[in-house]
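Provided below as structure tokens are two forms of one protein chain, presented individually as structure 1 and structure 2.
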Structure 1
Amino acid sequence: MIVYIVRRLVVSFFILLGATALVFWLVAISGDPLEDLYADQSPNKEDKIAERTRRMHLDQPIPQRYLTWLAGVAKCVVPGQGCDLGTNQTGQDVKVLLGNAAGATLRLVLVAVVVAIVIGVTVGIVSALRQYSGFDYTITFAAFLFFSLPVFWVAVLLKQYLAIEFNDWLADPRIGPVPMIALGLLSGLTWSAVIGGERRRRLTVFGVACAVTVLLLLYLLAVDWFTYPALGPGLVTVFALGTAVGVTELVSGLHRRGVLHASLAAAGVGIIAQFVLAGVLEDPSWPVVLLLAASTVPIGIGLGMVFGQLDKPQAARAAVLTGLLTGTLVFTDRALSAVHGYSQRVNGRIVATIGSDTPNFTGDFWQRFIDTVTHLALPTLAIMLISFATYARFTRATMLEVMSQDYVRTARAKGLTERTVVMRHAFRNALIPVTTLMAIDFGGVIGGAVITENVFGWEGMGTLFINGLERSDPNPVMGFFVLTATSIVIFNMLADIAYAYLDPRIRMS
């Protein structure tokens, strides 16, 4: 394994070296970095030209400028030398610009990619298991639709309908009879497609989902939930217990009573913790939140050991997952409770349409969190819809291929449950090609979503790259390229290593 990694790193180094030389040369000959100064009418015009010429080493040939830049970059891999990526045309440190841009891009893109992977892979598996069903046809249509839509057009639609008009609606939240019935019918169609089964079962699910949706909307309007949103201890308790049952069914099946009891105990601990830790959660910090999340792991493992009986490993996994999801419910309840106060601070315009945060906004932890989320919502959704379509279709195709293999039929012939066959045998092998897609996606998105950043006014990696190209400024472009190319190399190497874990037949030799 070590020999394989070293060999890949050596090959990648020479590839990056050649690529950086080519990109530097292309940017250097793409235009004149002094063009804007030629039209300058100020008395010190010549001094400005001389200063930029000195700063950008324009009096040197391109190969010598590249070697100068490369010498500075080499310091980044030598401890104690200090990383030097040069400066841009105006004298700003590219390392600082790159750090700020990378932080904004990571906030924007990584959340979208992670959510797209989770939802896309899950939907793809269900779609494959219900091949040629109404659910499968619906997902196939939606996936092709989302994949074919231009991202800039989707972004504009989201700004208009999920921000501007939604914010206007929140000023006086009302739902008329016709929209309410339409939402009920849509909910019924969705759940009947998800649950599936015979015609009578689908009709029953359709009717129940319609009725529950309409009654839920009436209740939310009656209690003015859209103005003062929150889950409350009651809903947190109900959802936590439901999560425990769902996690148990996913991990081992409800017939494993030890696993079910461990999951329910984890949910109970989370429900009690929301009252015990009320003071801590009033205005916490991210280290406190992460510490609470980390403490869930040993508590869940302990509950699995106590209640797991003969299924202790499965019980521990189920308890940890239930505990984390219950903690997420408590976190969501606290965040929703801060929405009304945040709305008053931003004049009722909760969903933001531009920028990564509200300028000069101050508030407690929950209001700052809501501010970040509302600025992330629309650009994240725009990117996620496109990525979701890719993962859903790719996962469906690989699952269908794997489900027809001999070892899957053998697993069924041995009497294993369908859940075990799908999750332990089929899904693990179907992940191998999907892992390649994940590696490319994660590596590529580090470079930013240029169009999305432009529409939503994010100063990220894509904006840094475009500005450098327009001004024929090599250093910002090279900083962007080095970070993006290195991340692609690393993620592809991690994907190759993951192959050996997913399929024991693969060796790193």
Structure 2
Amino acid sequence: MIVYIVRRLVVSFFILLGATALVFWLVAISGDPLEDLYADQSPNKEDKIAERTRRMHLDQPIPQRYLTWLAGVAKCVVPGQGCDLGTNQTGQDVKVLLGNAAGATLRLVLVAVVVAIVIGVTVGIVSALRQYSGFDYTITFAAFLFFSLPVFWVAVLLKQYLAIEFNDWLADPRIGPVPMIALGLLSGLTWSAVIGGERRRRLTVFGVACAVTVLLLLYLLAVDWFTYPALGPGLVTVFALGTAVGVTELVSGLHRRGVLHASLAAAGVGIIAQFVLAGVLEDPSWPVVLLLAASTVPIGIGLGMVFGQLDKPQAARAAVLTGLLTGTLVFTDRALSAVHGYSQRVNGRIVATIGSDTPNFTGDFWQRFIDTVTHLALPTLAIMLISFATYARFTRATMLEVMSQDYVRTARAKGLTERTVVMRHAFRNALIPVTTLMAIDFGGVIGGAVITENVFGWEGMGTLFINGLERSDPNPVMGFFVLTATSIVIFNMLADIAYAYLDPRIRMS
């Protein structure tokens, strides 16, 4: 294992070296970095040219410039030397620029990847289980459509309809009868396709989902929910108990009473905790939130041990999952409650179209959180559409393959329920190849980020890259490149290691 990792690292190092040399050379020959100065009319034009020539070492040949840059980067690896990524054309330190830009971009990329994986894998599994159904065909078509969408075009559309017009709508939230019925029908179709089953069951599901959606929308409009959104203790309780039942159904089935009781207890603890911890939740910080999330794990395990009877491990798992989801509900409730206050601060333009945060915004934890989320929402959506399609198609394919394996047939022949077969035997094994996909997808997401940052005016790494490239200024481009390429190499390696760890048939060599 160690030998493998070391060998991989050494090879990756040389590949990175080759790649940086290639990119540096290409940027350096891509244009004349002094171009804008030739048209300069000021009297000290000669000085400016000399200044930039000196700063960018334009009097040296390209290989020598590359070596100078490399010597600076090498200091990053040697401890106690301090990184030197060079300066850009105007003399700003690339390390500082990159530090400021990386935060925004990494946030964007990570959120997009995580959301795409969660939704994509879920949808992929459902569409594999309902192969050749209406839902499956819809998802297949949607995936093809998403593959074919130009990111920049979608980004502009999102900006137009989900930000500008949605904000206008929020100023006076009303839903006419036709859109209302359309939403109801859409929800009915989706649910009946996902749940599936006999014709009669599908019709029932369709009717119920339609009615619930329309009634819910009417209720939300009646209580002015879109202006003052929140879940409130009532809905949190209902959702938390529903989550407990749903998680139990997925993990073990409702007939395992021990598991059900443990999940319900976990939901109960979460519901009570939101009142007990009201003071803390008023204005927490990220460490506190993470600490609370982490504390659900031992509590859940404890509850599983107490209530679990014969199924202690399953009960513990269900309780931890329920606890985390209940915590998410409480968190969502608090965040939604802050929306109205936030809306007042930004003149009702909740969904942002420019930048990664509102400049000079100060507020409590929840308002800052909403600020981040509303700025992230649209760029994330634009980037994740393609990733979502990739994950959905890939998961569907691996799931179908796993479902036709002999051991799945054996499991069925043993008389196991369909849920046990899917959740314990098929699902986990279908997830293994997805780990490799994560590494491949990462590069694509970074490319998408470059474009969306451009559309949404983020001051991120993509902007740094494009600006550097347009001025034939290698150092900012190289800063961006070293960071992304290194992370891609590391991601690839982690994916391979994870793959070998998860699938004992794979040997690393």
Partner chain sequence: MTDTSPGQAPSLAPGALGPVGDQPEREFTVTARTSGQMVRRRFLRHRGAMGGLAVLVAVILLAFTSIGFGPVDGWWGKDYTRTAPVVDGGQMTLDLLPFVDGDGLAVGEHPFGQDNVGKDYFALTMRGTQRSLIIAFVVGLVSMLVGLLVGTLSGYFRGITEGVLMRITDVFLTIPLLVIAAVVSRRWSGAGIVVLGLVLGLVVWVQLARLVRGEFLSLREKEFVEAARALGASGPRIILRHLLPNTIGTVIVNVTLIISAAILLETALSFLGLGVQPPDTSLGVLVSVYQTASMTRPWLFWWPGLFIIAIALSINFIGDGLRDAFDPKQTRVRA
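Basically, rigid core = biggest C-alpha set you can superpose within 1.5 Å across the two forms. Along the sequence of structure 1, residues get numbers from 1 upward. It should be emphasised that the depicted structure is a prediction, and the values quoted were computed from it without experimental measurement.
> Identify which of the two structures, 1 or 2, is the form predicted on its own.
Of the two, structure 1 is the form predicted on its own.
> For V351, is the CA shift between structures 1 and 2 at least 2 Å following rigid-core superposition?
Not so; V351 is displaced by less than 2 Å.
> Any chance the CA of H425 moves 2 angstroms or more between structures 1 and 2, core superposed?
Yes.
> Give the rigid core superposed Cα shift of L37 between structures 1 and 2, in Å, rounded to one decimal.
Value for L37 between structures 1 and 2: 2.3 Å of C-alpha shift.
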